[in-house]
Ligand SMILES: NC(=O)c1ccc[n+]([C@@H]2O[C@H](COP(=O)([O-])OP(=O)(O)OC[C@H]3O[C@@H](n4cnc5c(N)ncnc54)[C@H](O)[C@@H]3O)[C@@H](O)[C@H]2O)c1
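One chain comes next, on its own, written out as structure tokens in the form predicted on its own.
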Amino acid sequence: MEKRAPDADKPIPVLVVGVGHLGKAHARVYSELPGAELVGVVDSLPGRAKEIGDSLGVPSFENLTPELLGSVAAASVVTPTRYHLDVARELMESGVSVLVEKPMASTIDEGKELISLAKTHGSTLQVGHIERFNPVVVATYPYIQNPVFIECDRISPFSFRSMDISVVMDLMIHDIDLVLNLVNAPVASVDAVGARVLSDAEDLANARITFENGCVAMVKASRVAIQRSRKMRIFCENAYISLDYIAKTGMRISLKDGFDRSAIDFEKMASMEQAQGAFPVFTRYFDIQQLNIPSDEPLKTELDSFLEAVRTGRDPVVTGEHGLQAIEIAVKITEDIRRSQDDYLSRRLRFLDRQEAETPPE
């Protein structure tokens, strides 16, 4: 079935499939958007679906029914990742456009199938990489030119959610998508390390992504910390941008016009730094600008953008192809981590064997 076109002058009828921690936020935001009409919520746990539906004054369902599929033009798929393909397929085959939460699929092949389904049925397919809509990130776009080095830290306490996927697919994939978008060049190589701590999948990971244009991104993610941290540092040829997503702050430091490294008297600067402190000396050569960060809710901006893509037929901000690229790099990182873990275990066993052989008997 072809994509169901919404009426131009009416709110788009929408549905949320999966109303757990994040899905209930999708449902709330849709209920508040003037361009959307929340038709209902679906969850495999009937009690949870009823609780969220009742709180928003909409019907709740345990399954997608033909009548329900025929009543909506768009839907958010916020189920566990392993169900994304099956749920999105049923929706798109009924002419419904979908926003599939990140990661868009469990595997590369599933991601490719989602893209193929969207093309076959003419459905809008957007992937829920919400950081693209984070006002802290959006505020940097006018200032980023030719990034040469990027650092990303995404640290969280263990949430006991998303246990079916590694921290790479759970958290790091946000920053993978961001750096792919900011650098906009093919990836040349990936090197990664990580470890399993509390779950059967990787709970912490550190990856170095090198791009063909020479830019390097260092991406760190952990879900075994005590406190949350969400930070990004972007180094361009003549400027440095520092972002703190939690504090909702951003700072840009750029070289002043006419900067000439060869004209700096470093001995004089060192004496001035001792007498005056670093800041007065630093500002002789650099401009410091605090970025203006609006208070927009990222999820509201994301869902509004999705509905606009459904209404106009234009490509969404985060396409299926973007989501697939992020999965491809995440898979490479995970594979590299597991190779390094295998190497570690082999070295560890050899070390223990040598130690045992060298220990004299009592």
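Start at 1 and count along the sequence shown; that's the residue number. What you see is a predicted model; the values in this text were computed from it and never measured.
Keep in mind the form predicted in complex with the ligand is missing from the figure; the text below concerns it.
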Q.
Does the ligand, in the model of the complex, lie within 4.5 angstroms of each residue among 135, 177 and 323, using heavy atoms as the measure?
A. no
**Q.** Listed residue (167, 88, 78, 207) with a non-hydrogen atom within 4.5 angstroms of the ligand in the model of the complex
**A.** 78
Q. Based on heavy atom distances of at most 4.5 Å to the ligand in the model of the complex, which listed stretch, 140-148, 233-241, 97-105, 111-119, is the contact stretch?
A. 97-105
Q.
Since only the chain is shown here, I'm wondering whether residue 130 would be in contact with the ligand in the model of the complex (any heavy atom pair within 4.5 Å).
A. yes
**Q.** 4.5 Å heavy atom contact, residue 44 to the ligand in the model of the complex
**A.** yes
Q. At the 4.5 Å heavy atom threshold, is residue 158 in contact with the ligand in the model of the complex?
A. no
Q.
I'd like to check something about residue 17: if you look in the model of the complex, is any of its heavy atoms closer than or equal to 4.5 Å to a heavy atom of the ligand?
A. yes
